[in-house]
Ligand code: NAD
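The data below hold one chain only, encoded as structure tokens and taken in the form predicted on its own.
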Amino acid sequence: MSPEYTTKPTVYDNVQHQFNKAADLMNLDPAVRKILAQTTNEIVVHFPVRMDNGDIEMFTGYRVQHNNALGPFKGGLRFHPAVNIHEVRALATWMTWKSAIVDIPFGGAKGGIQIDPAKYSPRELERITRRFTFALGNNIGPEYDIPAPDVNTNPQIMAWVLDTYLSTMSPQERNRCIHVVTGKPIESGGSLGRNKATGQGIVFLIEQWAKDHSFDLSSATYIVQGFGNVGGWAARLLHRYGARLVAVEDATGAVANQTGIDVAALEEYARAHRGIQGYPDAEPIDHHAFLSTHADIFIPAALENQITAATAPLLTVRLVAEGANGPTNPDGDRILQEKGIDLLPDVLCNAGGVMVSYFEWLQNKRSEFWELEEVDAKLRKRLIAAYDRVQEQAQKFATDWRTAAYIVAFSRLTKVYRDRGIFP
């Protein structure tokens, strides 16, 4: 077997490649580089759960804590068959960079369970979630490590995590700990705007990019990969500017309509049919045709490694706005740059989720409840400030936006380590 098949890079290898590129360019302090190149803790738990039919199944769950120099570990929980230690390690690392770029007092973490949630009943998912939370024990906490929703998890999952965690606390402490998770239902301490936060942040940044390029969004066309929470909200919010959605792809297939797809109608169809395949007001297309669709903007909001050496040449867009984590690998980055396609990198572009998670965490700590207008205004202000910081570093170092975003993160973390020193 040839080497390219035996040594296929993992998602974490991509993270390390991106890390080293930025660290070399900015001449990152060697001591800080050693620290940031490693995770702090990697927790793997195996736990039993009784199924509806009485059988016992064993599950594997992960929680990787990358760095907490800036504040508590923070990151989502995903339920997906592809979850493994390499993926979770990569996602935790990206969370550290993301929090540093948008200037919030969080570190980076990520977790998940290696399952296909579609194969389990709601009652089974509840037991799996609760047993995983119990297995994590003191590895999470409101001032230590704060989970949130991610792929295939939602406010209901967060409510189960919250309730299980609080059940392990003494009665006097429970109301002090509701910020142990974010992305909760509103009635359980969640924040207005959290559900749409990642998609909203993507659109705020696309709007800023359009202003910088004197580009009229009201005449724009766009395609979206992944039609879940992030992709669905991004599509819906961008549609309000007058932009036209011309192609969509999810796990069930892809559809296209150059005259425009009704986002609300597609969402309703996808909910009823558990996917977009078969949507009657658009033509079915294959993956190759989807990526080759002529459009102004591409929002990849699915999983990692979608824009690669094989797929990047197909793209005929002006801007890639990364809604997913790690949708573009290093080969894909290189080709996008060669083609002159602008990029809003994931660690900036999809940071709206962790930003509003921070707002929810603050509201819980302060026993406050903010109106949606306040949440959106704070989100926009902070994201545009981060956009400006990345743009400044891209110009200073004459580099691409992903590398510039990493430089912003590393610069902030370096300052913290220089101020605080290394114990002992």
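Residue positions are given as counts along the sequence shown, with the first one as 1. The structure displayed is predicted, hence computed values, not measured ones.
Form predicted together with ligand NAD: not shown, discussed below.
* Asked: What is the one choice in T198, S99, T328, T182 with a heavy atom within 4.5 Å of ligand NAD in the model of the complex?
  -> By the 4.5 Å heavy-atom cutoff, the listed residue in contact is T198.
* Among the candidate residues D250, D145, D333, D296, which is the single one with a non-hydrogen atom no more than 4.5 Å from ligand NAD in the model of the complex? -> Contact with ligand NAD in the model of the complex is made by D250 alone.
* Asked: So in the model of the complex, does Q225 come within 4.5 Å of ligand NAD, heavy atom to heavy atom?
  -> Output for Q225 is yes: heavy atoms within 4.5 Å of ligand NAD.
* Does the 4.5 Å heavy atom contact test between L303 and ligand NAD in the model of the complex come out positive? -> Yes - in the model of the complex, heavy atoms of L303 and ligand NAD come within 4.5 Å of each other.
* Asked: With the cut-off set at 4.5 Å between non-hydrogen atoms, does V230 touch ligand NAD in the model of the complex?
  -> Within the cut-off, so yes.
* Asked: Heavy atoms within 4.5 Å of ligand NAD in the model of the complex: does R78 have any?
  -> Although ligand NAD is absent here, R78 would touch it in the model of the complex, with heavy atoms inside 4.5 Å.
* Interface segment, criterion being heavy atoms within 4.5 Å of ligand NAD in the model of the complex, picked from 157-165, 335-343, 316-324, 173-181 -> Only one stretch passes the 4.5 Å heavy-atom test: 316-324.
* Partner contacts for 149-170, taking ligand NAD in the model of the complex and a 4.5 Å heavy atom cut-off -> Residues within 4.5 Å: P149, D150, V151, N152.
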